[in-house]
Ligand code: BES
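Shown below, as structure tokens, is a lone chain in the form predicted alone; questions about how it binds or moves come after it.
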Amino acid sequence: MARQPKKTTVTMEKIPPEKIRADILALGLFKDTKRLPTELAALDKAAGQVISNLLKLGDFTGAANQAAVLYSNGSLACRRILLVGLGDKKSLQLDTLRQAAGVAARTADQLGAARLAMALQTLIGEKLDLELVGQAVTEGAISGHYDFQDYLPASKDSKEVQNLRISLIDSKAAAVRKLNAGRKTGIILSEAQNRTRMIDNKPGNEINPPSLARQAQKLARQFGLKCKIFDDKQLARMKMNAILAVGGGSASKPRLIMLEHNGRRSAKDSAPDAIIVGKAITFDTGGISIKPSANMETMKYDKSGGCNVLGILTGAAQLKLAKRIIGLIPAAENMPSHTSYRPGDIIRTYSGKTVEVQNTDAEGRMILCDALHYAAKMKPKAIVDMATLTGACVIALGEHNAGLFSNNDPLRKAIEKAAQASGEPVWHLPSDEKYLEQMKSKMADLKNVSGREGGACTAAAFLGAFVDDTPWAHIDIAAVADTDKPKPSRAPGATGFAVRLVLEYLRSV
């Protein structure tokens, strides 16, 4: 029997930690805490001094994401106490608490503890706004408990918890009010991120352009979004030739998926506040310029940007943002066949610009250029796109930051601020005219590759040539969209990186 998806519920309770009834109670401790903090004295006494004894031993250093499970003497309603390290108090950030909550959720899961109480904020004082703390720990807990197991059989011997019930707790009424307000937002943002991960993790034999379109239609009905699907025949009439070229080698024909959330009271035909565009190559073989076989199975994640759009638009609907937001997902499968586009082909894109194909594995920028120009014609206030676009960005930034490119400083700064708030870091890189010059072709207006030097920057410059004067930001998520390395606060697989980031941006503008 297949496993059912894990569920996580997060509630709020006004109660002191020594009185909470749960399977495990999670507390945060700072690095190099030598003496028992006074805030924990009552709990430690009720538990038989297990916390103070551990601190005396020095086995728990409080390093970020370090965890230690303690067992009370039976006098507590809570059977276990989980200490999670918060690192240096001076460098405490919201993301420290977000990760600590993920550690707590994953530890509870491993121990088979179905009821988790969290008081990670007990020692932070007034350093951080408690509403933002409530949001961050809720996001961390729900994201941390998620684990993609759709194709694994259910195991009778596993301790893993399918339905994890989490209570955020505090003994002060004012703190409870603030934490609870943040909790409500955190649930929406983290569930939007997990919704993205659930689709992104699915393999290419299940998610192709038509089935991704059906997923979008299903979510639109569920969350009250408008949805329009352009099939290959409609794309041909619209002269979306770049999308058609990339998808031409596959039996699963390409689609352009459009979702709309309109929270405004103004006229429906008013300019969008933002258009969010996401690359969805449902599987990328490289086409005629075929990739090496090693690790090609991870190319199911080349749809991450498009899956993000699904999470962002449904999240915007749940947040009831008073904005008109459109999501565009160009979707194609890049396969080698007798109908594939070829190196040397010249494609007249939707914008009218011609592109010489020098490498069919530079396909993401091809499908995006049609979608971006379609977005620009709607005259939005801003366009934000996300794409697993370049290996060059992976080399430049590693797995710790996404690349950020923009033609507009206020938009760039707003994205950077949202990245800081969401704990999804970006690093600004250039994509000016010098890089676009490298993309000029002798045979056409542009070519789709320019060599190894500055590859992430030249790819972004190529995209920027199709947005006209619209404020635009491009987030290259190639290094951060998925991982095969489990972390203390997160399972491996799709990360949903940039879902919370973009939702934070949309909430702030």
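The first residue of the shown sequence is 1; numbering continues from there. Treat the numbers as computed from the prediction; the structure is a model and nothing was measured.
Keep in mind that the form predicted in complex with the ligand is missing from the display, and what follows is about it.
Checked against the ligand in the model of the complex, the candidates R365, R98, H261, R106 yield a single residue with a heavy atom inside 4.5 Å, and that residue is R365. Put simply, of A68, L36, V449, V50 only one has a heavy atom within 4.5 Å of the ligand in the model of the complex, and it is V449. Each of D284, N359 and L389 is positioned with at least one heavy atom within 4.5 Å of the ligand in the model of the complex.
R255 falls outside the set of residues with a heavy atom inside 4.5 Å of the ligand in the model of the complex.
Looking at M299, you'd find a heavy atom of it within 4.5 angstroms of the ligand in the model of the complex. For the chain shown alone, K279 is a contact residue for the ligand in the model of the complex, at least one non-hydrogen atom being within 4.5 angstroms. With a 4.5 Å cutoff on heavy atoms, K291 counts as touching the ligand in the model of the complex.
Segments offered: 239 to 247, 299 to 307, 178 to 186, 409 to 417. Contacting the ligand in the model of the complex at heavy atom distances within 4.5 Å is 299 to 307. Shown without its partner, the chain has A478 as the single residue in segment 476 to 509 with a non-hydrogen atom within 4.5 angstroms of the ligand in the model of the complex.
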